[in-house]
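In the form predicted alone, a lone chain appears below as structure tokens.
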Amino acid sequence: MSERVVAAIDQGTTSTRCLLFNRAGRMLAVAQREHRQHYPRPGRVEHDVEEIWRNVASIVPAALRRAGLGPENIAALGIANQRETTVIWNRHTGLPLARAITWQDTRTDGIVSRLTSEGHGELFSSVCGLAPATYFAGPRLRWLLDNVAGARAGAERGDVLFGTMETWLIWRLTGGPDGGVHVTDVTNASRTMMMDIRTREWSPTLLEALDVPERMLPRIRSNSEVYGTCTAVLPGVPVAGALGDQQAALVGQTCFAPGEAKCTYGTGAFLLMNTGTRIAESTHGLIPTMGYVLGDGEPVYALEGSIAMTGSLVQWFRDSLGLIETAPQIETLALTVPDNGGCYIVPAFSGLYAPRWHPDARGVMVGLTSYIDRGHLARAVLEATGWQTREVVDAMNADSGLPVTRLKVDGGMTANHLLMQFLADVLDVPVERPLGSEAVSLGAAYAAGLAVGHWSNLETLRANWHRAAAWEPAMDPALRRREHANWGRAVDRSYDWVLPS
């Protein structure tokens, strides 16, 4: 019999992938399929979860074929998912009542404003650690209950179920309408504005404030345990791990000690720091969140800073402006000039996320002169990711009392050496990339493998981590201070663009 491996499904914002990992944490095979982005109105972003399910059903067998393996070789399956994306479906038919509302969608701004104006802001912050924001799943669920025909009545009868994407996939994998397991993991539950961050259970008080029927909610489970057994796609394989994608990367990067931090660069960028068993309060615009709970172990918390647009800004530069043909070409174009020429791009396309949280901001390009060419714009696009990361790191250092002394990075943008060097320069700390940049998928695999004894403990996982590349800061401190000040002035000009209607 061939070696036993662990499978991970990484259900992301733009695509879904299946990856297979061996005991050393090395990827053996990958299969990927993109899904369509639906933009029915400005500020609205939706996914067809039936399309995503069909993609899962095709990529998992494809990954097995590429590795020359069958379901009998899979010790366990783990899932990582785009967080906060919200779906409701009929428990009897398995059909969604509407397209999923994604984490980037801002249609719930009215619901969020009402929660705040009615004085619920402090309640949510104290119970779930999250101030009301369009970013989270709870207001999306409320919008669906209020706007989709039959949703609320079905939810109150117990016929309509809610989940984030890992809940939907676990339910489908374990039988769907025929006995599917309806669970969520603690990291995804912590992003809904409905879970008490201390008890790790649904909060009746918060459900009442959001007007959400509890019987439609999944059971909250740890990140590493056997939830059920696949009846579809991987028959007989235990589904044994689930994490929101950013917490999965924290585990995949083996950030198991307080103070260790990672940043994942994908569609957006997400910086998480392990704060141990302590819930770190934030006064600088960060989110205290669940880091992970492995089986019946102690809960580990994290501080998070979320940046909405990093990789998606490069996509916009490619697809909407047509200034490059492929995403990697942005580095080549940026290297045609020595600096940004005085140009700064603030990508507040759907407002500013951490640490500023200005939903009324919109993107700006400042400092334009006749001197500016495509190369300067390319450099400004990349530098926007560096400066946004710097703002989050500054907030994290202020809040945690555990200054970031090195940053582990992963995700597609880490292939851009110019950007990674710029990161090290503006953060003034070393930036490190591991061998294999698939930290999200690897974290999901680790959680599942730990649950079934495929890996014995966290030290085994630490031993799998190997540095592939590192960048040391080399920027003149005076230049760093001057450019940082210019970036701040550019951000100020993005504020208050969207006026109350």
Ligand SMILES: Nc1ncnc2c1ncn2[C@@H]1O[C@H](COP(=O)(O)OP(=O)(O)O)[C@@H](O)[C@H]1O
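Keep in mind the model is a prediction, meaning the values are calculated, not measured. Note that residue numbering follows the sequence shown and begins at 1.
The same protein also exists as the form predicted in complex with the named molecule; that form is not shown, yet it is the one meant from here on.
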If I superpose the C-alphas around the site and drop in the named molecule as it sits in the model of the complex, do 3 or more of its atoms land within 2.4 Å of a backbone or C-beta atom here, i.e. is the pocket blocked or open? open
Would you please decide whether Asn486 lies within 4.5 angstroms of the named molecule in the model of the complex, comparing each non-hydrogen atom pair? no
The named molecule contact in the model of the complex: Gln315, any heavy atom under 4.5 Å: yes
Just to confirm, Phe162 within 4.5 Å of the named molecule in the model of the complex by heavy atoms? no
Verify the contact flag for Gly12: yes if a non-hydrogen atom of it lies within 4.5 Å of a non-hydrogen atom of the named molecule in the model of the complex, no if not. yes
Determine which one of 288-296, 322-330, 67-75, 116-124 lies within 4.5 Å of the named molecule in the model of the complex, judging by heavy atom distances; exactly one does. 322-330
Considering non-hydrogen atoms and a 4.5 Å limit, which listed residue (Ser282, Asn416, Ser306, Thr174) is close to the named molecule in the model of the complex? Asn416
Considering the named molecule in the model of the complex, which of Gly311, Pro218, Pro258, Gly351 comes within 4.5 Å of it through any heavy atom? Gly311
Using the arrangement in the model of the complex, list in sequence order the residues of 246-273 with any heavy atom within 4.5 angstroms of the named molecule. Tyr265, Gly266, Thr267
